[in-house]
Ligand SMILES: Nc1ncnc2c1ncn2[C@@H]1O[C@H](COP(=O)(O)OP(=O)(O)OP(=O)(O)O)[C@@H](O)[C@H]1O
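Single chain ahead, written as structure tokens, the form predicted alone.
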Amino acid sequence: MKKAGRNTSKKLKNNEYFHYGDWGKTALNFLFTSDAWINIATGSVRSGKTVACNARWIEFLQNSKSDEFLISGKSSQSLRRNVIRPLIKMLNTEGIDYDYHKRDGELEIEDKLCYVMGFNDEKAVDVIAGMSVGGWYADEIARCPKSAVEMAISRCSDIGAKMFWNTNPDSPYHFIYENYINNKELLKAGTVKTWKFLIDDNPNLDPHYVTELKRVNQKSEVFYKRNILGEWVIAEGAIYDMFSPKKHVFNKIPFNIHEMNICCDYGVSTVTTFGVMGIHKDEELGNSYALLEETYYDKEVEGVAQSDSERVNDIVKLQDKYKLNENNTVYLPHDAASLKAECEKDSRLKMRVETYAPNTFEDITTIQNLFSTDKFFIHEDCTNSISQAQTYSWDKKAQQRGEDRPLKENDHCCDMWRGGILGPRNKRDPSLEIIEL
């Protein structure tokens, strides 16, 4: 086994060691009393849930007689960001031996082997079906498929096995809330223990930051109840209820544009819409976005479906109008394979063509935050986007099943924005050259 920090810590660049700060009362209670079979840290954002779970997990591993364990998250990428990186920093700080095999999805901590994996979808069931582990640490448990959660629980069969989960609140009909957090029988028996973490319990946050975070979340009732009060409540009504035509619709671009792309929602027999998304980059305050123009082809209105070659014509017109080239990107939906093929063979199209795989809930949350912080604006001529920003709504039937899912109505423009906003986020371009329009 390699000594702590060797190999892996080189990838951490700065801050190779973890600075603990002070422990809040809830975190301390979790650390000392999380001795149930299933231990769940739930509550508001930035309340210290993950740090407490990481520290408890290290202690649990050191005292466990088992050899193999499971660490899971919504995706491998989010798991590395939210859990593995800070966990490794803690190991460095404590001088504990570890070896992280990112490609194999394995983290060895002293003589314990942790299988590290994302629970993206139902396929995770097949991966964990044959395991027998001595414990399971689950990040963002409410974001994982029910079948994978139930299978992972059944795998914790070693003597002394325990589970440590953390999650932000969701719908009160969500299976995690109904079956575990609010299951009076399991709570009474001591099989499940829960801790409600609140942002005010975290003594390490700047009071000014806490005040601003509360103010931002007040623009949406469900945001405030879930993110600040840590309550499991239904997200009712309009998804973008913080959108204001007076504030978020413009006729003059509100900031300098540093980057532009073309984004798309693709419908074979319904609507295809393209948008030109302008981005103002600010590493300190965060990017701002402006939808500069949209096209909207509705098969039901036009009476005939648009062909892929006609769709490429729309892209080329926008490309040429805004003088876009090989330094700009067209973001197409992941299911628009035929359109991508048509784009790639059309010599008129100079732009790069990439597909964008959506993550519905995370994308919606990102755009809600942009509207709430006045960082996403729509041109007054984009009438379909303005209309759908106000009518895009939650599916109440899905919420009865414990799912925050939008209705498949008034959604085409909202889906189109997502590629233009989320598509470029993994690309870091230091250039801040202003684009003249």
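In this text, residue numbers run from 1 along the sequence as written. The structure displayed is predicted, hence computed values, not measured ones.
Keep in mind that the form predicted together with the ligand is missing from the display, and what follows is about it.
Colleague: Is it the case that Ile234, Gln399 and Gly402 all touch the ligand in the model of the complex, with a non-hydrogen atom of each within 4.5 angstroms?
Modeller: Zero of three within 4.5 Å in the model of the complex.
Colleague: Taking the ligand as it sits in the model of the complex, is Val51 in contact with it (heavy atom to heavy atom, 4.5 Å or less)?
Modeller: Judged by the heavy-atom cut-off of 4.5 Å, Val51 is in contact with the ligand in the model of the complex.
Colleague: Look up in the model of the complex whether Asn217 has a non-hydrogen atom within 4.5 angstroms of the ligand, and give yes or no.
Modeller: Judged by the heavy-atom cut-off of 4.5 Å, Asn217 is well away from the ligand in the model of the complex.
Colleague: Within a 4.5 Å heavy atom cut-off, is Val45 in contact with the ligand in the model of the complex?
Modeller: The answer is yes: Val45 has a heavy atom within 4.5 Å of the ligand.
Colleague: Counting only non-hydrogen atoms and a 4.5 angstroms cut-off, does Val125 reach the ligand in the model of the complex?
Modeller: Val125 lies outside the contact set for the ligand.
Colleague: Using heavy atoms only and a 4.5 Å cut-off, determine which of Thr194, Asn92, Asn168, Thr295 is in contact with the ligand in the model of the complex.
Modeller: For this set of options, the contacting one is Asn168.
Colleague: Name the single residue among Asn204, Ser338, Asn182, Ser76 that comes within 4.5 Å of the ligand in the model of the complex, judging by heavy atoms.
Modeller: Of Asn204, Ser338, Asn182, Ser76, the residue with a heavy atom within 4.5 Å of the ligand in the model of the complex is Asn204.
Colleague: When the ligand is placed as it is in the model of the complex, which of 247-255, 307-315, 361-369, 196-204 ends up with heavy atoms within 4.5 Å of it?
Modeller: Comparing against the ligand in the model of the complex, the contact stretch is 196-204.
Colleague: Check each residue of 371-387 against the ligand in the model of the complex and list those with a heavy atom within 4.5 Å, in sequence order.
Modeller: Heavy-atom contacts to the ligand in the model of the complex: nothing from 371-387.
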